[in-house]
Each structure stands twice: as C-alpha cells, then as structure tokens.
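We give structure tokens for two forms of one protein chain below, kept apart as structure 1 and structure 2.
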Structure 1
C-alpha cells in the first residue's frame, strides 16, 4: 500500500473550531463493552474518519452520535449543545447508510429532495436547491432520471447529496462505499473528498477500509476492542503508529519485537535475530522491550548489496507482480521481509531463489514502545 496523502495538516484547534466533542463515551450491551471510554473532537469543516476492524465498536459509536443508540456513560455535544437527551430526529445530523436507502420508485429529483420535502420546503425551492446540488455532484441534467438508470457511483452521489441538502451540522457516513467494486470505490474516494472541500461540511466517516481513510481524511481515529488507540493526520498515523496494532492495521509493515539499546543511537535487537538501527527520538527509552516497524516500500532489494544503515543478504522466497509495483518476500536467516518497489521490465524481475541484497535506512525504522 502506498503512503498517506500529502494534504496540509489542520491548524491548531481552538474551542470555537470544535464542531463535535465526545467525552468518555461508553456503551455496554449486557456483559459486552462495545465502546470503552472514548474521547475525541471533530473540527468544524473537518473530514474525520474512524477506522478499525469489524467488531471494534466504530459503528456503535456512529449510532450514538446519530442518536440511534443511548450511551451507557459519557457525553456528546454538537456545536456546543449537549446531545445526551436529544432524540435522533431532533439532532443536527444526517446519515448516508451503507445500503444508500434510495427509493427505486422515485426519480433523482424526488430522492435528492426527500429530506427537504419532509422539512416542508416548496417544490420551487426544492427544484432550485436540487439543481445547485447536482452541480456540486457533477450530475447536471440528471434531475428527471430514474434511479435504476444510474450507475453505482452516481447513486452513491445522490445519496450523499440528499443528506447534505438538509444542511446538517454533522454528516455521518456508514461505510457507504463498501458495496462498490475496487475501481469505482477508488474514484468515489476522490469524489467524496472533492464534494467535502466544495461544501466545507463536517464529515464523520466510519470504515474498515484503510485506503479510504488515508485518501480522503483530514484526521483519522483508529479503534480496536472498543478503545480509540490513536488520532492523527493520515501521515502521522501511517508514519508514526502509536501501537503495534496501528502499524499493522494501517497499511502493510514488517514488525519486529525485541530489546531496545540506546547506548549508541537507537538499536533494536529483534527476537528474530536481526539487529536493526532505527531513527532516534527523544521519547524512546534507553532500554526495555519494544517494536520496530519498517514499511515495505522503504526496503530496497537488489541483485547486489544495498548501501544502507541496515543491510543484509537474503534469498527471494516469493514475488507478487501487481502491475506498477512488485512485492518481494525475502528471507534473511529465519526472518522473512516484505519489500515493495516499482516493477522492473519483465526480464529484470528477481526470481525465486535468487541471492539478493536487502536494506533500508534508519529513518525508515520506527520504534514503538507502547
């Protein structure tokens, strides 16, 4: 997987910037704790994505924001207003569901303006607002089309526009791209980001898809076992994972556990037998147990030795051709490293069984101590 987006990082947060504040949120279902003391804020106009594996509690948290589940403990405020006792229909939120929930017997205009009709807006106002939204969605002239005439991506945009037309303070998105094929999902990731930027709305997106999170988000929250384990920009979460779980869940990585030695720079004596020279940081202890994460795209594989801070000789155990990229699995002693690099011409591909040099610089080795 490629690294995260290079969008500029959000400005420092102030109280007036906060659109949503979640404090100590907890949800219990009998003996099961689905959400365990989660706290975070979402800035006004931010695209915030909550990502985690199935069953981690992210959908339960989304439903509590929407008012569809009552919290066991903790609080939620939106634009400074306490939402604890506010029912779902009274909250300044709107949701895009995983199954889109479009009406097959209504045309695009009727689907798009359904929320406005429920709010009592006249047909002329609805028509004007629909045309404006269709411009934003890049679906000009589609108002009278039947829903079944639209592609999956077009239907997705209509569902998004329907929720946005009610002008919610917070738009909740429950894995709306999960049913799309890979190519269309990639296209819609960029469309979501474009629409968000055009409207400057506040998005809270829930997904298990790390690529969506890295591509579209201003910030990412990573959940595991009901807890929020890290919040940061896509680059921070990818480059500086707070835990071994985050390192392995967000993208691919080579992760090693071992003993830390800070006597002469940062070195990790891994349990698998490799000595890895890692990037120095002030927060790394002088000794003790830790992990070191090395992303596959930071590792070079060559027919000759590699000039790097960490350089080893190994054997190609496997290779996976992916078009633009090729992933090599290289054994170094009892260790198997995964390295991803641009694919060479066919005749230049390294073969299984080849003896190779493999290496990476210390700045590519990130030590995790939690």
Structure 2
C-alpha cells in the first residue's frame, strides 16, 4: 500500500495529463480564512469530487477556479495556462451553480444556448445544438417552455446542459443535486457520471454528501476548515484516512485515541483502556500519541469468543436492524464498539444484554498519527 501517495500528489504526472493545477490557494474574507493554502491537481478527463462539511470553503474554492472570486494568494492553472489575470468570461470553465441561477426571463432554448450566443453562433446552429442537448438530457420538446414551468429536476438538467453546451475544459458543479429528493438525486448522480463518461470532459464536483463522493468519483478530496486534508481514490480515502476527521467524515468508524507502541509490531494503548494490535506501516512513529480507526463492518460479533488479533468480551447494548445488515453496539469495559454484520446469517440474532465475543484482525485497525 502506498499510503503517502494519498496525502500529497506524486510529482510523476506529465503536464499533458493535468487539466487543473492549484497551488497554495488562499482566500480571506476580512478576518476569516475561507480557503487556507490548498494545493492539488486534477487529471484530464477525471471525475474529481471535493467533499467537506458545509462552510468549509468548497464554494469559495470553486468560485476561484471559475474566476468569480479573486484569490488572496496562490495560483490556478488550467490546461497549463496561468489563470490569475484571466476573467471568468474568458476561462475554459463553466459552473453549475448551487441554486442553478437559470435566467427566469429567458425560455429553455435561450437559457441552454446562452453560452453559444456569447460565442457568436448563429440561431440555426444554436437551435440544432439545443435539440441535441435536450436529447442528452431527456427533455425532448422542452425548448420553448418557460423556466418556471419546469420541475426542480428538469431545471437541474437545464442548468447542467447550459454549462455543457459551452464545452468547457473543466465543468464545475456546486452541489447541483442538493435540492432534489433522495431518489431523484441518486438517479441524477448516475446520469452525471454517464454524461461525464460520454463527453470525456473533466468534472470538478463539490458536495457535502460523502455517499455521492464515494460512488461517482475517480478521486475525491476531503476538505475541512479551509484546508484540503486528503486526496485519493474513494477506496484510499476510506481505507487509509489521513486524519481522524477524514475517518469519521467518510463512512462510519470506531475511533480511539491513545499511545502508540512500536516495540513489538504496532499496538495502541487506548485512553479508554483497550490494547489494540494494528496494521504495521513504515510511517508510524515508534512512540507518541495517535489514533486507531476500525470500520464497523470489519468487526465480528459472536456468541463465543472471536479468534482474531484483537479479541474482547462485551455486552450487546443495542441492535439496529437495517434490512441488509445489522449494527450491534457492544460495550467492552467503558468502550462502545459499533459492529456491522450481514443480516443474511441472522436467524439467531443476538439480543440486548447478551454476553458476546467481539474481534477484528490487525489489518482492520488503521493507525492515524495526525
């Protein structure tokens, strides 16, 4: 496993692979630092997702990429060209705004082809391109409708189409699905991925919904409090979180703080009194404070004691049935562990108050030293 590669970008990418390079980007609003020294690259044709809690600076970062906000410091280059002095209207980017920003005084056709009109395309060309786009968006025959006649999901698609028709090198999407209900959001998300794959363009997608990030993206960046905490594939970020924040924000986890001891393999003496044997890695210091993260689905719960590197005895405190799986909350001493089991072999469900064995292997215990 190449753990370190998830923390900072390797310098091995050739210039032609890189669609976007951001270096030391900062934005201050008076006293407040909204974006705090962010560096990353996006590869050509990549579906890159930025996740982070609301207020962490995602929109501000996106607006700087689009040229709608001046950076306080740092640089942005797109397709190898420095963007510092390039105004928004001249950048090869297009943004799908969080609240869409469709023009209510223009109809669907005029909204869709606004960018083409600015590029000086003739009306007949615009008609043709609009029809093609409406096909892609599955909105055939809507060209002459007014914007307010469309449903939320339809407006969403028009906003996407309006940006796509300008054929941007980089499409910026600011939580474009957040206003939709869950079912439609899931549909639109697959749709987005399909459109991305069809067009082979570069998508920079921003969301506070980590589920979206994990399913649709080639790589994700996790942002917190203005800083980019980690960049990697969804799997890397999930399996090898760089900070306790990432471990807890992406998926559920059991997180313990404690003292690291590298004398004999890697063990962590947690403050809550457990001794956890963890996966060994070169970059773990010999001693000092650290965290250990164990994903609930990696923990086995059983009526008898569990044969694993880490094995404890506990009591079932709670049981949450979720259809395809069951989450047990097991108390071990003062510690509450969450363990997720597939529900299929669950005829003999464990009950509240049962004494059980819980356990997990050292590979499932990931040490975080930040």
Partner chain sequence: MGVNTETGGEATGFSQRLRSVSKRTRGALVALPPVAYLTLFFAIPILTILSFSVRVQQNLQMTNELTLDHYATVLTSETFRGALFYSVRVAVITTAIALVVGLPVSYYLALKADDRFRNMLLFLVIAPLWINFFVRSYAMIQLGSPQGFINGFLLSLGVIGEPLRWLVYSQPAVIFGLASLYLPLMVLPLYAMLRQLDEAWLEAAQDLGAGPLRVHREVTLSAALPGMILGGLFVFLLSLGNQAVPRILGGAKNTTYSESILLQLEGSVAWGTAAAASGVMMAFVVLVLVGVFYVFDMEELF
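Numbering follows the first chain given and starts at 1. This structure is a prediction, so every number in the text was calculated from the model and none was measured. So that the term is clear: the rigid core is the largest set of C-alpha atoms that superpose within 1.5 Å between two forms.
Trainee: Pick one: which is the form predicted alone?
Mentor: Between the two, the form predicted alone is shown as structure 1, not structure 2.
Trainee: With a threshold of 2 Å on the C-alpha, tell me if residue 112 counts as moved between structures 1 and 2 once the core is superposed.
Mentor: Comparing the forms between structures 1 and 2, which are aligned on their rigid core, residue 112 does shift its C-alpha by 2 Å or more.
Trainee: Does residue 191 shift between structures 1 and 2 by 2 angstroms or more at the C-alpha, the core having been superposed?
Mentor: Residue 191 C-alpha, core-superposed: shift of 2 Å or more.
Trainee: Superposing on the rigid core, I want to see if residue 255 changes position between structures 1 and 2 - specifically a Cα shift of 2 Å or more.
Mentor: No, shifts by less than 2 Å.
Trainee: In Å, how far apart are the CA positions of residue 124 between structures 1 and 2 with the rigid core superposed?
Mentor: So the C-alpha of residue 124 has moved 5.1 Å between structures 1 and 2.
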